[in-house]
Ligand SMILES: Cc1cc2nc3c(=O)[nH]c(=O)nc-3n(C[C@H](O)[C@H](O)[C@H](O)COP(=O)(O)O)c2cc1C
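Okay, so here's just one chain, in structure tokens, the form predicted on its own.
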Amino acid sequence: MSSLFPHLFEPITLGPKTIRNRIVSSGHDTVLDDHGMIGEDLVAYHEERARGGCGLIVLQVSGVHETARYTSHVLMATDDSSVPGYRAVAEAVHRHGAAIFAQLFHPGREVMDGERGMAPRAVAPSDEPQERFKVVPEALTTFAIKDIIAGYASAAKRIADSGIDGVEIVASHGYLPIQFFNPRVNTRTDEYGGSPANRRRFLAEVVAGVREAVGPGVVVGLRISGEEKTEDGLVATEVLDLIGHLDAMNCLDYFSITAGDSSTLQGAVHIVPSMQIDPAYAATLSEQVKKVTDRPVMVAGRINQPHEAEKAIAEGRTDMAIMTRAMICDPAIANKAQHDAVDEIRACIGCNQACIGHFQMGVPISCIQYPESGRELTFLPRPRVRTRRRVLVIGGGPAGLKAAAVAAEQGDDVVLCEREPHLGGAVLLAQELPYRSEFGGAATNLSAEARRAGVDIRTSTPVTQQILAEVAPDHVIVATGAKARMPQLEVDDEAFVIGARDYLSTQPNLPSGRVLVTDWKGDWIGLGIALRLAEARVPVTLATAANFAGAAIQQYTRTLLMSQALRAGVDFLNDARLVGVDASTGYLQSTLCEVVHEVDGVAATIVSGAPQSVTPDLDFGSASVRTIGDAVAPRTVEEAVFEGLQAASSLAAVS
């Protein structure tokens, strides 16, 4: 038992199953499926989290009916071909002492894509349009409704017979069961619409059917948004009333509470809340649920650290803590917390880039800090070198730190040289942007990993021929990053123009008046600087060469940033590149046609342009050399860390 987290590591009983601790990996789509089935990649992914000490793993959604295909890669539990996959993942998770449940799912109108790029086709209680995916669903017939209800039961039995410990009915985030309950979405007048009892009927029949199908020996739970936090969404009082009625049926063993709704951008940000949202914020919702039921309650919502989970449980606000992204970032967080090794935890920073961001691109999820996630079969377990070599890593940004840490873990003798007095590279500038302070945690985590691995870290040490002679490396990894550069501009001598990196690093006093922020990529930098200035009551115009501000940022994160920028009064100009600045005017060329835009009354211009790779001019002699990260081509932290992992792993392969 952990001395720091006694509540977190106390076992808990959910119906017929005792769970070893209160840490939960909730259902989340991984895009690690094998043509809609559970294959080796998905098994390895979940086994790693079970090995890491998690108490309960809930698999990603499993479709219960042919109309439940909300993406092209959704798992389906509609026939027996799915059984071997469920059996394999259950056996893998059970080997390490964790329990495993599977989610039963139908999206209703929340369908993301159609067949081969065609517009989505969806079914729902009524033909009320869905705003986010621009879907107008087909209203279900009574026969189709009963067929879908039967699908929940048959899928549940099939999954339970495969060795999975429990099933979780997904009624969260505006999916089909809760669409029936919401009077703003369900406009039916038959037995499944109208009165509260009729609107509850679909979910009540699903719950009863699933319980009957699996019997008393299998856990049955319900996932539901405690509040949908969007226009026309359900509020807490409506949800609590529904939970009370379902609780009285005595069919459910637990409630899993989250927040948000998939149908609007405003509600969807709560599906995977980013770093702008406070940790454990949804515990206020689970606390209300605990007042209407005696059954165990678990809650999701930015619980990234064990002390956050411990506090919520100790205060009686929840019984279990969902820490899904925390385990994408560090699969061993439970074991580390249980042994009070909190300093070794690689904390999730809530960036959303490689987890939900990858899913929304239709590619397997991972983590910018820990690219081994989702690639377990490629990079784990870590190999050991047969012959210890001398490895020199040039550059202490994310790419160099990851390469150095992994190479040292594999058994090589690693020296890392960084010309600056501090480690972290451009990450240290990123954390200066509004609502981005947690991003600095990536540098902290990677630096700590390199030190624990035994890397000889030398800061304020530019690599020279003398250093090369002293270290005498067998292998060199060049991770020297990128530097700022200004685009070609016509600039009047009286104009105040500064690069974004210089602005963030020097924090100069700007002339009084409107600031023009220009942005070539549509990422955090331009939008973040504009937001910072606007919140300080400086008039700001953000001009981006992208289609829209924040185009390169994950959708949920961008939604929150844009809403903040709109409230702060930022003016936006899209599809425009800066070409010139005079004493009071910025001139921008449309990226679409010959039109030139003029922004008048400009006192200062901050330019976020494309960076330029930096590589050393050195003679490496007989050492093998590999260049990684921004030194190859300026991109993001994700590519830098991944290439650091690749470079170090390749060293083990040639030992």
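Start at 1 and count along the sequence shown; that's the residue number. None of these values were measured; they are calculated from a predicted model.
Keep in mind that the form predicted in complex with this ligand is missing from the display, and what follows is about it.
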If you check Gln130, Thr324, Asn186, Thr230 against this ligand in the predicted bound form, which one has a heavy atom within 4.5 Å?
Thr324
Among the candidate residues Gly301, Gly374, Gly85, Pro331, which is the single one with a non-hydrogen atom no more than 4.5 Å from this ligand in the predicted bound form?
Gly301
For this ligand in the predicted bound form, the stretch among 191 to 199, 422 to 430, 316 to 324, 496 to 504 with residues bearing a heavy atom within 4.5 Å is 316 to 324
Can you work out whether Gly609 and this ligand are in contact in the predicted bound form, taking contact to mean some heavy atom pair no more than 4.5 Å apart?
no
With the partner left out of view, is Arg69 within 4.5 angstroms of this ligand in the predicted bound form by any non-hydrogen atom?
no
Would you check, heavy atoms only and a 4.5 Å threshold, whether Gln103 touches this ligand in the predicted bound form?
yes
4.5 Å heavy atom contact, Leu240 and this ligand in the predicted bound form:
no
So which bits of 37 to 65 sit within 4.5 Å of this ligand in the predicted bound form, heavy atoms only?
Gln60, Val61
